[in-house]
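The chain below stands alone and is given as structure tokens, in the form predicted on its own.
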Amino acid sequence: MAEPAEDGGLVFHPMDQFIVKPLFGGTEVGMFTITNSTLWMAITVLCIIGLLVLGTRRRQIIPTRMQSIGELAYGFIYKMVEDVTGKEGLKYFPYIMTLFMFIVCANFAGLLPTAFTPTSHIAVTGVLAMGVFLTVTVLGFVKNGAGFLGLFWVSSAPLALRPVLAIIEIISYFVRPVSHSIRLAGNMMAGHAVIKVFAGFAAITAIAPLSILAITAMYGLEILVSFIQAYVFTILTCVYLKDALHPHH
């Protein structure tokens, strides 16, 4: 948002779009407060239900557009899970499909005018990433017992280097939820902030055409980034799942 400054210039507030606000007045945000973030996550869930449940309920031989999109998403993620984790990982396909659909729909919904993007907040992406981390870790120990620790022991490396590599592997393992969540939130926040900055410059008549052109280009890029970031989050989840199922180097 751009507003006049005291010296006659403009003041931009591109980060205001990420402020979590209560929907029904007030400024306090508690544990059970319904906020703009809550609203758009609910809209995201409704979009997923509309696409995958309502859009495919007839299961026509010649699919509708909604059914085609649902089938493409299903086939895309199914093939990803199978290719990365193998047949053994397909039993976890529903969880991975849910992650992908939530992230990609939240990303695309956030591109609508006046919308809020939940995936631009580390509080949302952090919960998703921590859920993946805990699920994979518990699964690794349940599936392999103490053998899961073989993930940290690089048996193909020289013996003298193995303890050092083990420490590095342990650190990188526990950093996973941090990198997993920050990558998604950071990319979504950065793109939206840049668009808002260009939108602020549109108020300056001399450069308004260039600003509008830049907004259009950035918006197209954000559509691509919205899908790519959902893909990256999902394929990393598949890689982590593969480590849990087959922990030995």
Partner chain sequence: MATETHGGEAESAGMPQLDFSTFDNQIFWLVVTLVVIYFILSRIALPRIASVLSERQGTITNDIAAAEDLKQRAVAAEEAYDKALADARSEANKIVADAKAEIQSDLEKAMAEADAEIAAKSAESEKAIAEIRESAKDNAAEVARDIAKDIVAAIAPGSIDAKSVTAAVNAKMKG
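Keep in mind the model is a prediction, meaning the values are calculated, not measured. Numbering follows the first chain given and starts at 1.
Although not depicted, the form predicted together with the partner chain is the subject of the following passage.
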Which is the contacting stretch out of 172 to 180, 152 to 160, 116 to 124, 137 to 145, given heavy atoms within 4.5 Å of the partner chain in the predicted bound form? 116 to 124
So which of Leu221, Leu213, Ile207, Val53 gets a non-hydrogen atom within 4.5 Å of the partner chain in the predicted bound form? Val53
Using 4.5 Å between non-hydrogen atoms, is Met189 touching the partner chain in the predicted bound form? yes
Phe227 within 4.5 Å of the partner chain in the predicted bound form, heavy atoms: no
Would you check, heavy atoms only and a 4.5 Å threshold, whether Phe108 touches the partner chain in the predicted bound form? no
Determine whether any heavy atom of Val132 comes within 4.5 Å of a heavy atom of the partner chain in the predicted bound form, and answer yes or no. no
Though the partner is not shown here, which residues of 74 to 94 have a heavy atom within 4.5 Å of the partner chain in the predicted bound form? Tyr74, Phe93, Pro94
